[in-house]
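Consider the single chain below, provided in C-alpha cells and representing the form predicted alone.
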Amino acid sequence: MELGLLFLGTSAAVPTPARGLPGLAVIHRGRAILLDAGEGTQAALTRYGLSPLRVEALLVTHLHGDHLFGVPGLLQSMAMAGRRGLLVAAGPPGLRRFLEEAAIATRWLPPYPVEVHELVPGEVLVLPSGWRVEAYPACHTVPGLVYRLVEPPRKPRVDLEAARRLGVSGPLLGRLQRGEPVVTADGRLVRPEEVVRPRPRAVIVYTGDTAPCGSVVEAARGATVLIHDATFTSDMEEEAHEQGHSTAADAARAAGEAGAGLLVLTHFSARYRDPGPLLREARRIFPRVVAAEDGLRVVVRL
C-alpha cells in the first residue's frame, strides 16, 4: 500500500490472548514509522510481516511501560536483522535516560546510529523521509505527547483537461509537472501554475493515552485519520478520566469537533473481549469510525 496503518497492539495496560500492548506502524513507500512499542512489538512485527529494517523512526508518546518496554528488545531485533542505517527515536523528556539505563543494564549498544530527540509540546521534528512530526500535549497522568504526522509533499497532479485546452501533450506534461514552463507547437508559453495542481497531504494523528483534551482536538484538526484512546465505554467515564484515559464517546466527540476524516478506536481495556459496545457508542456520535484489532491494516486515502 502507498500509505497505510498496521496495528501491532491494541490493548491497554494488560495484554489479552487477542490483543498485544500498544504499537502502531505508519507505512509509506516501503518505510515505516512506529508509534509506541509495548512488550511484544518485535514479535508483532514478525507476525504481520513488517521487517524491523524498514523502520526509520520510533515515536514514543509517554514513558509508561505498556508503551515503552518493548523498545530494548526491538533495538536488538533490528541489530540481529543486520541494521546499519540511522534510527530516529523521539519521545518526551526521560526517553534518553531510559535508553541509556537499558544499555548499561544489558551491557549492549546498538551497532547502528540512534538519534534521540526529547520533544516537548510545540516542537516539530522532520524525519529523513520528509514526514513532519508535530508534538502536542496529551492529558494523561504523566507527561505525554500527541503526534500529528504530516505526509511529505506529494508530486503535483497535471490537469489533463486544462493541458489539452492549451495544446500541451506528451513530454511537455512531465516538464510542467517538474515546475518548468514550456512552449507548445504553436508558440504558446504555458506556465506550470496554469495546469499543475497541488495534491493534498495525508495527516495522521495518534493520541497515545489521554483524557479528553482541547490539545487533542487542535492536533486532529482536519486530520485524514485520528487514532484515539478509547479505553472504556461511557458507563466508566469517571474512572477513565481519573486514570487519564478516554471513553469511546470522548474519542468520537474529539473526531467530530476536529473534522477528522476517519476515527480509529484503540487502547481497549482488557475487560472488553468484544469492542462492539465501544464501536456502537462512538458511532452514535461520529459515523466514520472503526475499532482497531491486532493485525488490522487500514489504507489511508485522501
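So that there is no doubt, residue numbering starts at 1 and follows the sequence shown. Bear in mind the structure is a predicted one, so any value in this text is a computation, not a measurement.
Another form, the form predicted in complex with another copy of the chain, is not on view; read the next lines as being about it.
- Just one of 240, 68, 32, 262 comes within 4.5 Å of another copy of the chain in the predicted complex, counting any heavy atom, and that one is 68.
- For the candidate set 73, 110, 167, 181, a heavy atom within 4.5 Å of another copy of the chain in the predicted complex is found for exactly one residue, namely 73.
- Screening 272-280, 246-254, 24-32, 58-66 for residues having heavy atoms within 4.5 Å of another copy of the chain in the predicted complex returns a single hit, 58-66.
- Heavy atoms of residue 80 reach within 4.5 Å of another copy of the chain in the predicted complex, making it an interface residue.
- A residue is said to contact a partner when one of its heavy atoms sits within 4.5 Å of a partner heavy atom; residue 42 meets this definition for another copy of the chain in the predicted complex.
- Taking the partner from elsewhere, residue 97 is found to have a heavy atom lying within 4.5 Å of another copy of the chain in the predicted complex.
- Remark: residue 285 does not count among the residues lining another copy of the chain in the predicted complex, judged by a heavy atom distance of 4.5 Å or less.
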